[in-house]
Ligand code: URA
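For reference, the chain that follows is the form predicted alone, supplied as structure tokens.
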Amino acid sequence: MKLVKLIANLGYGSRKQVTLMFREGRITDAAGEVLYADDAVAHDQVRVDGEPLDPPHGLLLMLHKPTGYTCSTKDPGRVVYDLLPPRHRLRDPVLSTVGRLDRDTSGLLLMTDDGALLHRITSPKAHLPKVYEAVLASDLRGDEADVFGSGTLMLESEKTPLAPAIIEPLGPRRARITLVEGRYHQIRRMFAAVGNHVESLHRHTLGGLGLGELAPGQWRMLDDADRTRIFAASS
């Protein structure tokens, strides 16, 4: 692939804009030598304004999503892409969220431009555990573990029961929930089914991957070891 197209696909600008970057000498090799649009250079040797190129197709990153942001490119309010470098939003193939966290849910969110990887992570066959912490409006009534773990709980408008989920009380109005599926607003609807309301919800882990030291709004690229950790916890 020609350098102009490669760099444009990574979101640094249109082909016309990237061509201008070459003319301005902003694209160099690792040694600082100015590159030209028709040069053949390895991806990891290219620099834009002195910085290495973003990873090629296959990028996977983890974001600590704050509340108030949506997993969308069209929402008129704040979206998770606002927390990333602007070029990430312009990548081709597109950078997509791996599943969604709603506006009022915080925590671990993965994003990738690899459709096959996205499908592998979100597929029900993966059985990847997802661990959340919920703060509730009312005290736990005591039978939630039996109800959520039964494998028979039906949510309104659903045609199949939920897979068994694990709930661990952390206090009168706080609980840790582990799911292996991800239906629409699932935890909120589960607690609604037992007469409670979720006031706040935070995802701590997905598969074997946790947020670590990432603060709300921060993100980092994931490497091969991280990818292995994701699937290490599948059942």
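If you're wondering where the values come from, they're calculated on a predicted model, not measured in any experiment. Residue indices: 1-based, along the sequence shown.
The form predicted together with the ligand exists for this protein as well; it is not shown, and the discussion that follows is about that form.
- Query: So which stretch, 84-92, 153-161, 101-109, 140-148, is the one near the ligand in the model of the complex (non-hydrogen atoms, 4.5 Å)?
  - Reply: Comparing against the ligand in the model of the complex, the contact stretch is 101-109.
- Query: Heavy atoms within 4.5 Å of the ligand in the model of the complex: does R173 have any?
  - Reply: Heavy-atom contact with the ligand at 4.5 Å: absent for R173.
- Message: Residue-level question: is I167 within 4.5 Å of the ligand in the model of the complex, judged on heavy atoms?
- Response: No, I167 is distant from the partner.
- Answer with yes or no whether T67 is in contact with the ligand in the model of the complex, where contact means some heavy atom within 4.5 Å. Answer no; every heavy atom of T67 is more than 4.5 Å from the ligand in the model of the complex.
- For R26, is any heavy atom within 4.5 Å of the ligand in the model of the complex, or not? Output for R26 is no: heavy atoms all beyond 4.5 Å of the ligand.
- Item | Among the candidates T178, Q186, T205, Q45, the residue which, in the model of the complex, approaches the ligand to within 4.5 Å (heavy atoms) | Checked against the cut-off, the match is Q186.
- Query: From the list L209, L63, L60, L201, which entry has a heavy atom within 4.5 Å of the ligand in the model of the complex?
  - Reply: Exactly one residue meets the criterion: L201.
- Taking the ligand in the model of the complex, which residues along 115-139 bring a heavy atom to within 4.5 Å of it? Sequence-ordered list has one entry, Y132.
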